[in-house]
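Here we start with a single chain on its own, the form predicted on its own, put down as structure tokens.
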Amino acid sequence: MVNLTINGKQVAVEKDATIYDAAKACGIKIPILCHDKKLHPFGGCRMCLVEVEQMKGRLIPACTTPVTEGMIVQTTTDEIVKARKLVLELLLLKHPIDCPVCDAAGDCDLQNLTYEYKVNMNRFVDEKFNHEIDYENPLIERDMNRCIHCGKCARICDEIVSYGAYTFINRGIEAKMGTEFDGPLNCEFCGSCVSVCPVGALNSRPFKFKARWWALQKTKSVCSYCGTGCQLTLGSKDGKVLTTIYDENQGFHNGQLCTRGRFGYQFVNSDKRLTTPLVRKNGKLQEATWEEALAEVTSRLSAGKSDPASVAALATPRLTNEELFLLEKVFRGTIGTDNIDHSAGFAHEALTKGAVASFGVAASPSEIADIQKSNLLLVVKSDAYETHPVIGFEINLGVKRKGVAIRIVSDKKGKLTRLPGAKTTVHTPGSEVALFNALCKSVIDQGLVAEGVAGLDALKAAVADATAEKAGVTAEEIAAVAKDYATAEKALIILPIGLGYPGHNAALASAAANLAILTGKIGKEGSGLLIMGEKNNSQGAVDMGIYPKGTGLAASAIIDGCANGNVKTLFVAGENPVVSYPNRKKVEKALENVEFMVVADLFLTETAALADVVLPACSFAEKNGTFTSLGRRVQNVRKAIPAVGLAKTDFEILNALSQALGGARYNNQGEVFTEIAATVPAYKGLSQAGLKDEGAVYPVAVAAKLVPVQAKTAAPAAGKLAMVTGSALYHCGTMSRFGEGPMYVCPDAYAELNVADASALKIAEGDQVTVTSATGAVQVAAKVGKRVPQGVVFSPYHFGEGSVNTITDGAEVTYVTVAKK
């Protein structure tokens, strides 16, 4: 520690702290415009000038000057105040005084400091800039006339997002924050630059002219898109969520959000929201009262109690833990059916079966914090950045700032491939299990097995015939990855799972776990296996038991049961199987065949349109509860706005049904959490009040065990391309289609082809193409590039039109033909 004195106060800080850090630690405010705690110190704005007794004769920037033992610092002398006023005058020389129409007014650091330092006149005169304002993209407005050259936009885009969309151009008085060739902004539109801009140079266009900052009600909550568990602050007014508010001190991610979290919240305010219950009469869904709708549902579920096997429930892992726990109690407890799933039958067996078999718990043994504590990351598919973008930011930081090595095994290249030192092994689509078996065999052959690993002989036998060729890679590549992984002191495997990733199932989880266990990479920080659930509460859904146990039907079997008449009553809470489950025609026919289907949802989705009763449900912004992130962090979700129309929370809906069916009744969702803490072992000792703002990571007791798995091989189809599915950066599931931001940037389905394949098929970027498989055909736009290897086509699964699940059947790879329309 280093001891110094600031304004007469004694303070001790870490030796790598700056004067700014030390002042902040003892409660002394130093003004700053170019500083953000996530970014490297810059020292560009000069507002943080201070006086150091040992450096008499000049003022120095506090944000870039390291502390030294015995340093004596003054932060507010007359000379310092005079210097800061001069800095403000110079900044205002070119800055337009258009605060009345600037969206940053009230949240502008320059405005606030000008007021604080009483700079009500300027000794200098010059012409203002007249830069053309960039309105080219729908999400971010760039008005460089207001820019003060703090560089925060360029630094966060480079250091955190790793995109590099901004750069300084020109020099001196003509200096400007520009883009590539000084053209319109063309990036991922994550909005990180907007969040840190201290003035109104960068604005969120969806928020423009919606409200003044001081008029917003601020509510801390948790993002409802992917499983990362990013905390956010919702800014609401007049019953609508208008924006998200940046807070560098919020969450493990220091307030950083991706494009979905920052620009995808408009679905809450969508005029397409369901506002009243609907009941099918004479073949059409018609408005009804809650009493009428719930009576219909209660009557049907009550009759199902005498034949529980004929009843099934599908729930989205976007519900809160309390709602999922109550759903499980109603259907498994009160009605007696075990036919409960949350798409786990398609997408989450890595947790419900794989993790249980290999670790003894249905959860990852690792946490998000392990990413930056590791020496080497082994990422399965390079799409970790697209599926869970803020995890991508964590990986960037680990690689760039802490020297974490990164190895990627994937069926295509991606953004992580471009990180410093990254090595990508591109394998045959669908051969992930074969690849991990080959890695295990190579570790054994190279004599890199950790001491005392139990079950080694059985694994040796299981992987005896594993070869690199079965995964479509070379023996040298496998040997190199195996050696790098095994010899790293700490190594972490990152595995995404979800509806867009068929094949990322129990077998793959165990195959990956085998590599970790074999090399001793379990049970210590910075190591292990991080299984990344797709939705915001995928882990919570597993924790609450929303998957079949015993003889119950999984999601795919429930669809089959609807088709063959064994399932007569289906309750769907927030799931949209028509679009998100494989083989759309099969799913549609099954749901049309089921005798009675009730759907609780925010929107009249493709699935809800087939229902007999539709119940309008609340969004995450309209309710309290908890979500559990992929890193096992349980966090509070807080109500920001009243329910839209007559919508009810899923807790209210299920609580009413529970009481009507003779089950439990709760006074509020908090009572349910108390019961969760009493009955779900991992949640023992937790309380909603105790979670506070930070949440709590529940512990797991891992019993690691090698579980040999056999790799399936998918024979290539002559003359066809191997189609793989996944997530687009801007979307998550099917809900993001109702957010204006994601749809501005990525409104339609597409098929991504390699340039060589596209050339051979005479297909150009943007052409409409027909993609045909054994189960059907879809027409989508073509994207052409080098990310996808030759012989492979990639398509995201989120869209209702051009629905890729029309042509998939749940197999790891779908072989297709692609032709220009």
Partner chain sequence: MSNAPAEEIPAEEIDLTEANEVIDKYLTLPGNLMPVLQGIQEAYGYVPKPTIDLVAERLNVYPSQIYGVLTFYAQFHLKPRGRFIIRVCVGTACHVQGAERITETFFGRLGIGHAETTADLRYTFEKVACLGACGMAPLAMVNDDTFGKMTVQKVDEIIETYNARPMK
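From a predicted model like this one, the values you see are computed outputs, not experimental measurements. Numbering follows the first chain given and starts at 1.
Quick note: we don't show the form predicted together with the partner chain, though the next part is all about it.
At a distance threshold of 4.5 angstroms between non-hydrogen atoms, K240 is out of contact with the partner chain in the predicted complex. Interface membership of F209, defined by any non-hydrogen atom within 4.5 Å of the partner chain in the predicted complex, is ruled out.
Interface membership of A165, defined by any non-hydrogen atom within 4.5 Å of the partner chain in the predicted complex, is confirmed.
Put simply, K490 is far from the partner chain in the predicted complex: not one heavy atom of it is within 4.5 Å.
None of Q286, T551, N564, N130 but one reaches within 4.5 angstroms of the partner chain in the predicted complex through a heavy atom, and that residue is N130. Checking E469, D693, E595, D182 against the partner chain in the predicted complex, a heavy atom within 4.5 Å turns up for just one residue: D182. None of 659-667, 429-437, 121-129, 567-575 except one has non-hydrogen atoms within 4.5 angstroms of the partner chain in the predicted complex; the exception is 121-129. Residues are counted as partner-facing when one of their heavy atoms sits within 4.5 Å of the partner chain in the predicted complex; in 785-819 only K786 qualifies.
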